[in-house]
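A single chain, nothing else alongside it, follows as structure tokens in the form predicted alone.
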């Protein structure tokens, strides 16, 4: 199963966790970090552990723990590891060293790093190849980084990213694909602007992202639809694959009045693989959430 949509749910709201299971998200991110006040961390850990242990897993269940240097991580792991989360989301990750440090504390648990929340993290994006076997994917954030450097905002007035953060987004995209990982786009923070979300999600898929995080239930169906191949795309992809299967000795073919070659075949195969994954059914196995 692919990771098209990953929905944040505050860890101190068990009522919302249960409701979130029926919303169609491919994964829930049970949050112990930004959406939980310090005074409620203990309560949130207990709620997340209880939910992990009792939930019928109609979606993958990830836990966003606190950062390695927060002083809170050990208590997070002590509370949730025995309940077997499907993955741990690591905020403020700084390359392979951060992943290795967490993996030593949580052996065998897949990790989803938020790879761009500090300035030094940007220069470690290429290091994730060394820990590819430990990753469920790679994602980025557009809120903590500007705060870390004193920037006013990562976005232009129309909601698009300013040049520095567009660069960070692109670097994350290519870093993820360089190691063959799922690459998850960051959240669209204006959860009331569903048209803007749709434009953002469609652009993310067009650019090469494989999924997107969500902070509100209404965002999930739009994200899922945006990252699901349309019937027309599937039909065209199948025609390309069939054309090369019928002409195994040809490197370049003509189909419907246009030339197609190896890159078109690879893209068609990706579309068919994504379509097959989407049809396989639900999995069984940085901003604050506004859920």
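Numbering follows the first chain given and starts at 1. All of these numbers come straight from a predicted model, not from anything done at the bench.
What follows is about the form predicted together with coenzyme A, which we do not show.
Here the chain stands alone, but in the predicted complex its contact with coenzyme A, taken as any heavy atom within 4.5 Å, falls in 183 to 191 among 94 to 102, 151 to 159, 183 to 191, 197 to 205.
Proximity to coenzyme A in the predicted complex, defined as a heavy atom within 4.5 Å, singles out one entry of 134, 177, 216, 169, which is 216. Contact annotation for residue 60: none of its heavy atoms lies within 4.5 Å of coenzyme A in the predicted complex.
In the predicted complex, coenzyme A sits beyond 4.5 Å of every heavy atom of residue 268. By the criterion of a heavy atom within 4.5 Å, residue 7 is counted among the residues contacting coenzyme A in the predicted complex.
Contact between residue 66 and coenzyme A in the predicted complex is not found at the 4.5 Å heavy atom cutoff.
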